[in-house]
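In the form predicted on its own, a lone chain appears below as structure tokens.
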Amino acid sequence: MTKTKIGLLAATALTLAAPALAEFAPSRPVEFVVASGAGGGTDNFARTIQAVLTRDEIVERPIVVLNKGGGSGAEAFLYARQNKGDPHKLIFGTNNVYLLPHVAKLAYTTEDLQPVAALALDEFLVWVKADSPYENVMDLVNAAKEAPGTIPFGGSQSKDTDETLVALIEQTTGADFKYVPFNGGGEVGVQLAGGHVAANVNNPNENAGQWQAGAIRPLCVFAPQRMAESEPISGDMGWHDIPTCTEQGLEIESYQMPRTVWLPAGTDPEVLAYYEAALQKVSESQDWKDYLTKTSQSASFLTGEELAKFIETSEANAVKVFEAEGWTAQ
């Protein structure tokens, strides 16, 4: 999506936000269309929001969750295209909304969707087996330089968020890993705990159970600062005790995946303003704060121009990796 278009949409929403709240409210049940299968991170994201909106009567119409995870989420985004202008459908995704069209020929473009808000950021960490010889991320990187293409690095799906990060590590350091894709973060965690791969880049929630059990351990987090204080997860170590990757010498300051909400393109500005306001109330609720703590995600409520700038930067950085890897769709 172009900076100009996102910016214009954001500016329009901000300008009309005040009067819009009195001008629109859903007149029939609202569909939450989830770009993943049931039980995944995006599904939990949508259902947590559904629960708060319903319980607190922020949205007074029924909310129905539909899972459309085919094609790495493209099924949900195509559904948005097919329902242009419908104010009773919200699409729940990540950065896959705007990155998928760069790596595959699809029947939708990001112009078919209107960004509403991002409510959280998934952090990414490098994890290894508990008895791994790698004490920090540069040990792992140097091993991959010494034995190119032999160290298996697990991840969820191909040419998606995980493989993009592994490719970025390789491009930044000159390392050469053997990327091994699996169906999802849960499977990747099991494969690491079982010693079938040497490392993975799961988010905290996906590997917390194995870390707590002492099967795996984190090396570093891709964030500008350490994660928030927490109760100990494994031994006396909590999330805040994990060093950033830049602390360990890997010059990738940040790699975060947004949890995003979208409308079909063509909805009225007052519809956008209504859902922005509703989602802001969710972000301020105690249930939402508890969800972020439970899933070890970072709080980040973005709308309007701030969201537009985030998307622009996130998309540009990822496309650089795609182009270097030869992944871009022709």
Partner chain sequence: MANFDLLMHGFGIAITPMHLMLMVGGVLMGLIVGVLPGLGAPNGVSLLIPLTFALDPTSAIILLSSMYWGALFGGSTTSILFNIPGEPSSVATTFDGYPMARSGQSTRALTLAFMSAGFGALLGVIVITLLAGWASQFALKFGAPEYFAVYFLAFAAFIGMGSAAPMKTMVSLAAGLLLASVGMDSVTGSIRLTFGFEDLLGGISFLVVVIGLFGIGELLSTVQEGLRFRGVASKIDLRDVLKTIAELPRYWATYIRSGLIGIWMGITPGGPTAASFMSYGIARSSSRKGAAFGTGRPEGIVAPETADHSAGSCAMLPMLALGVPSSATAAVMMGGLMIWGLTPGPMLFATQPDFVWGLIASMYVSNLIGVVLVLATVPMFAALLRIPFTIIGPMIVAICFVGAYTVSNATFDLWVVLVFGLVGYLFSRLDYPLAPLVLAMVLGHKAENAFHQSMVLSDGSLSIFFANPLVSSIMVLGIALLVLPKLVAFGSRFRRQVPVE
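Just so it is clear, the structure is predicted and the values come from calculations on it, not from any experiment. Positions refer to the first chain, counted from 1.
Heads up, the form predicted together with its partner chain isn't pictured, but that's what we're talking about next.
Non-hydrogen atom contact Lys178 with its partner chain in the predicted complex at 4.5 angstroms: Result yes; Lys178 sits at the interface with its partner chain in the predicted complex.
Heavy atom of Glu111 within 4.5 Å of its partner chain in the predicted complex: Contact check for Glu111: no, nothing within 4.5 Å of its partner chain in the predicted complex.
Contact label in the predicted complex: His196 to its partner chain, heavy atom within 4.5 Å: Yes, contact at 4.5 Å.
4.5 angstroms heavy atom contact with its partner chain in the predicted complex for Ser230: Looking in the predicted complex, residue contacts with its partner chain do not include Ser230, since no heavy atom lies within 4.5 Å.
Heavy atom within 4.5 Å of its partner chain in the predicted complex - the one residue of Thr267, Gln297, Ser285, Asn44 that qualifies: In short, Asn44.
Contact residue in the predicted complex, chosen from Ala144, Ala208, Leu250, Leu168 - any heavy atom within 4.5 Å of its partner chain: So the residue touching its partner chain in the predicted complex, by this definition, is Ala208.
Location of its partner chain contact in the predicted complex, chosen stretch of 300-308, 60-68, 276-284, 257-265 [non-hydrogen atom, 4.5 Å]: Looking at the other structure, the answer is 60-68.
Residues within stretch 41-79 having a non-hydrogen atom within 4.5 Å of its partner chain in the predicted complex: Going through 41-79 in order - heavy atoms within 4.5 Å of its partner chain in the predicted complex - the hits are Asn44, Arg47, Thr48, Gln50, Ala51, Arg55, Leu66, Lys68, Gly70, Gly71, Ser72, Ala74, Glu75, Leu78.
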